[in-house]
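Next up is one chain by itself, shown in structure tokens, the form predicted alone.
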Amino acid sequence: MQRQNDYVEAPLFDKTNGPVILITGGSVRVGRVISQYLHQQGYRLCIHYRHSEQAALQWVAELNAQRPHSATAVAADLCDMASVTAMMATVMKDWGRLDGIINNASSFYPTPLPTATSEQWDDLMGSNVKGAFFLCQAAATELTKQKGQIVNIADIHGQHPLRRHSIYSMAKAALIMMTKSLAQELAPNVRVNAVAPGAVLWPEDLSEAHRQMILERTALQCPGSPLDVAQAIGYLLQARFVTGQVLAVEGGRYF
């Protein structure tokens, strides 16, 4: 049975001085569950948004109502280096430190070969890998200082392509290779890992029959939830001897 997203554990940190984590796209969908879970663990959060300003500000207000001075929001276009640089300056002004990045922001939609456009290429590559790479670049000095970590939200389709989603699949494959490459380059001071979710949120246009077919091919015979992704991230943030790894959260769909 799918678990609920209001799962709570005892916090890992003193709530007044926990590590600061920047979560891209952290106020909606999977990002919101990730931020909720990490907030419950005692992390302090910087919630990035691009277009979802109202959702981000409202979510940060809710988090601060639960624990004062525990969350801020910051806007940035991750494909614009000036915007990324300005975001990092804001993070450092607000918190004075940065201990980790969760590269969660992502675009997802089909790009069949006959109709795929260069604009779709730029958007999917930009939101899924380019933005993540240059954010890591901008934060590398501070993360090295803090002996921090990076967790990238990849996808099982970065290793097993999804029909009619070739550009998206290629972008997630690049993000997986980025994870491994930066794990080498930023070692030993920064750990870099990835989570590759499977069926944790269904695309809106996916039929019930198609969903059932996917579940029948999954060893655990059930869908996951965004909470499963959040808990995997929580593990990787604490796993001091794990780097360069891609943790599949997909119920045994692929072995």
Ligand SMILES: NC(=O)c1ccc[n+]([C@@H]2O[C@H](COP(=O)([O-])OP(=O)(O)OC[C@H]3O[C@@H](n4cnc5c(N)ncnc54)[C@H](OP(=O)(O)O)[C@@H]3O)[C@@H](O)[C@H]2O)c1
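Each residue number is its position in the shown sequence, starting from 1. A quick note: this is a predicted structure, and the numbers were derived from the prediction, not measured.
The same protein has a further form, the form predicted together with the ligand, not shown here; the description that follows concerns it.
Residue S127 is the only one of S127, Q149, S169, T179 with a heavy atom lying within 4.5 Å of the ligand in the model of the complex. For the candidate set Y43, W59, Y49, Y37, a heavy atom within 4.5 Å of the ligand in the model of the complex is found for exactly one residue, namely Y49. Contact check for C79: a heavy atom falls within 4.5 Å of the ligand in the model of the complex. Contact check for T111: every heavy atom lies farther than 4.5 Å from the ligand in the model of the complex. At least one heavy atom of A105 is located within 4.5 Å of the ligand in the model of the complex.
Taking the partner from the other structure, the ligand in the model of the complex has no heavy atom within 4.5 Å of any heavy atom of A132.
This chain is displayed without the ligand, yet in the model of the complex the stretch 71-79 from 140-148, 71-79, 92-100, 180-188 comes within 4.5 Å of it by heavy atoms. If you take 149-183 and check each residue for a heavy atom within 4.5 Å of the ligand in the model of the complex, you get I153, A154, D155, Y168, K172, in sequence order.
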